[in-house]
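Below sits a lone chain in structure tokens, taken as the form predicted on its own.
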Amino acid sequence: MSTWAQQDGWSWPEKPRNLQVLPKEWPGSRLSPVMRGFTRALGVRCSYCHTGEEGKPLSTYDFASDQNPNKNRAREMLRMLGSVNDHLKKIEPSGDKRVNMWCHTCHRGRPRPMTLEEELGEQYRMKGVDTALTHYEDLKKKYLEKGAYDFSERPLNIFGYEVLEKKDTAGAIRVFTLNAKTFPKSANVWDSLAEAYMKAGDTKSAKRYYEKSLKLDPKNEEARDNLKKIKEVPRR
């Protein structure tokens, strides 16, 4: 029990109420490590699934209530976890120990186990490229050393193409520019930036970045072909 809970006078109930997936006969002492495991795996606190206000004493929470929709989501996830592990038992192990799924296998300290490009895409669709790129920096500060996301060039590049597919060339250029600044030695990111400028009608910038990409990777035939196309465009 945390010091905060002790000061509040709250304690785990001897007989928890409204257990629907976990065994109904479990006492509070058995429930405690499981609930703590959930909070660590998802990087959340009690109010994420239970009815109560963050910052208020735990004695004010209604832990038996189903009002918070995340509680039923958690139940379904727990059922799914059991089903996955049942299926894994049917597979011959490829190592010396059988693989087992846990909440943290997918969540890794996040409430929603999404890829980085999915996170950015969601923010972009809801609030635009500014919010998405700010979210990227926030996630990087929080999770860079925790292995929760892939912070290589690939996810940002995938996100950039999602923006480009929306005909938002200005937004795509911003995403690819950030990727190029982050991974300046990658021929691929400069190639993507050049493509965005091409679609924006800025052949001068496209030419510059295709040449940069080709310098880093002389085998980049796509960049070479696009440079030829740019040179064939009649000047006005």
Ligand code: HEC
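A residue's number is simply how far along the shown sequence it sits, counting from 1. From a predicted model like this one, the values you see are computed outputs, not experimental measurements.
Note that the form predicted together with heme C (HEC) isn't included here; everything after this is about it.
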| task | Select, from the options 206-214, 175-183, 190-198, 43-51, the stretch whose residues sit within 4.5 angstroms of heme C (HEC) in the predicted bound form by heavy atom distance. | result | 43-51
| said: For a quick test of understanding: in the predicted bound form, does each of 71, 101 and 111 have a heavy atom within 4.5 Å of heme C (HEC)? | reply: yes
| Does heme C (HEC) get within 4.5 angstroms of any non-hydrogen atom of residue 17 in the predicted bound form? | yes
| Though only this chain appears here, would residue 75 touch heme C (HEC) in the predicted bound form if you measure heavy atom gaps against 4.5 Å? | yes
| task | Verify the contact flag for residue 60: yes if a non-hydrogen atom of it lies within 4.5 Å of a non-hydrogen atom of heme C (HEC) in the predicted bound form, no if not. | result | no
| said: Test of understanding: in the predicted bound form, would residue 80 fall inside 4.5 Å of heme C (HEC) by heavy atoms? | reply: yes
| query | Within 4.5 Å of heme C (HEC) in the predicted bound form, heavy atoms considered, which of 106, 158, 164, 129? | reply | 106
| Considering only 18-39, what residues come within 4.5 Å of heme C (HEC) in the predicted bound form, judged by heavy atoms? | 18, 19, 20, 21, 22, 31, 35, 38, 39
